[in-house]
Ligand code: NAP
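Shown next as structure tokens: one chain only, the form predicted on its own.
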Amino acid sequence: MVRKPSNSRPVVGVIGLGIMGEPMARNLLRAGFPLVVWNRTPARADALVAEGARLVASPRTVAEQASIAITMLSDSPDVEAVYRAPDGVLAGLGATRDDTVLVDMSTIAPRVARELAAEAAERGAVLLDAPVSGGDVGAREGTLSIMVGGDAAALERARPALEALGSRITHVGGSGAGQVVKACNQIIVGLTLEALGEALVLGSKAGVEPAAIVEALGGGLAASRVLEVRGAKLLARDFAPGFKLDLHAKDLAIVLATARELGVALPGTALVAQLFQAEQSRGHGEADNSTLVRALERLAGHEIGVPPVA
């Protein structure tokens, strides 16, 4: 049965407590939502449990106890496994089929999102695909942009919880539409990172101070959220992951597969995917996606910030 919280807020469940999921769960706690959590590695939940969350034994238990069950996982196979396993989310819908809203905030293939939504509907629940943009900073600060596909009425039921996670919540269409818009987002972020890397490598090799380049670009038409968030990291050569290269490479694989299905040519995206592959082959897949710049540096024979040889 759905647990009835004393503060009238619905019980929210979070499945997946990684770089994004853990701070998102923490923001739900801070907003006053009773929280149940599950993670494949239970120890990842220790800090949240100390703050008031309740760790449960399986995704099925999350679905049984939460009115709003959120998944934040790495890839389509992970999401499919968590939903379809014998102790998975779909198996837990029998007792709560009247009002359960499932919200998958992972980035997965639109096709998989639509399939899972149909399977949830057969069990009387609604599944929204609601991928996010904003990275680890947005997850910590509760300022994510959330793009939602699926039933609009279900979104309104889930909206109070989503408002604890993001500053912009946009209903973009039916099931799968959220994942399509996230694919569009990942195209723009990837190509902007590549353009920023090219600009800094060129300017630096020409002898201009990289910090001056970033400051100047930030005041004109080239200004962007990518420049604002990643510019300082590039100047500091800080490649600690805010959003892992491996995950962005996975996202672009989804983008290119979807483009093939639709007969859409994405030459710029294909180029960035190849540069990501070059960095993965050098063992940088766990680094921040801005490590893309290192592939460009190798092509130019120049590291940003190192004085060019006269």
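Predicted, not measured: the structure shown is a model, and the values here were computed from it. The numbering used is simple: start at 1 and walk along the sequence shown.
The following text describes the form predicted in complex with this ligand, which does not appear among the structures shown.
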(message) Residues 17, 72 and 251 are flagged as a possible site; in the predicted complex, is every one of them within 4.5 Å of this ligand by some non-hydrogen atom?
(response) yes
(request) Would you please decide whether residue 41 lies within 4.5 angstroms of this ligand in the predicted complex, comparing each non-hydrogen atom pair? (result) yes
(message) With the partner left out here, check for me: in the predicted complex, does some heavy atom of residue 285 sit within 4.5 Å of this ligand?
(response) no
(message) I'd like to check something about residue 132: if you look in the predicted complex, is any of its heavy atoms closer than or equal to 4.5 Å to a heavy atom of this ligand?
(response) yes
(message) Under a 4.5 Å heavy atom criterion, is residue 55 part of the interface with this ligand in the predicted complex?
(response) no
(message) Using a 4.5 Å heavy atom cut-off, which of 276-284, 260-268, 61-69, 32-40 contacts this ligand in the predicted complex?
(response) 32-40
(message) Within 4.5 Å, heavy atoms only, which of 228, 87, 78, 163 is in contact with this ligand in the predicted complex?
(response) 78
(message) For a quick check, can you give me the residues of 235-268 that have a heavy atom within 4.5 Å of this ligand in the predicted complex?
(response) 242, 243, 244, 247, 250, 251
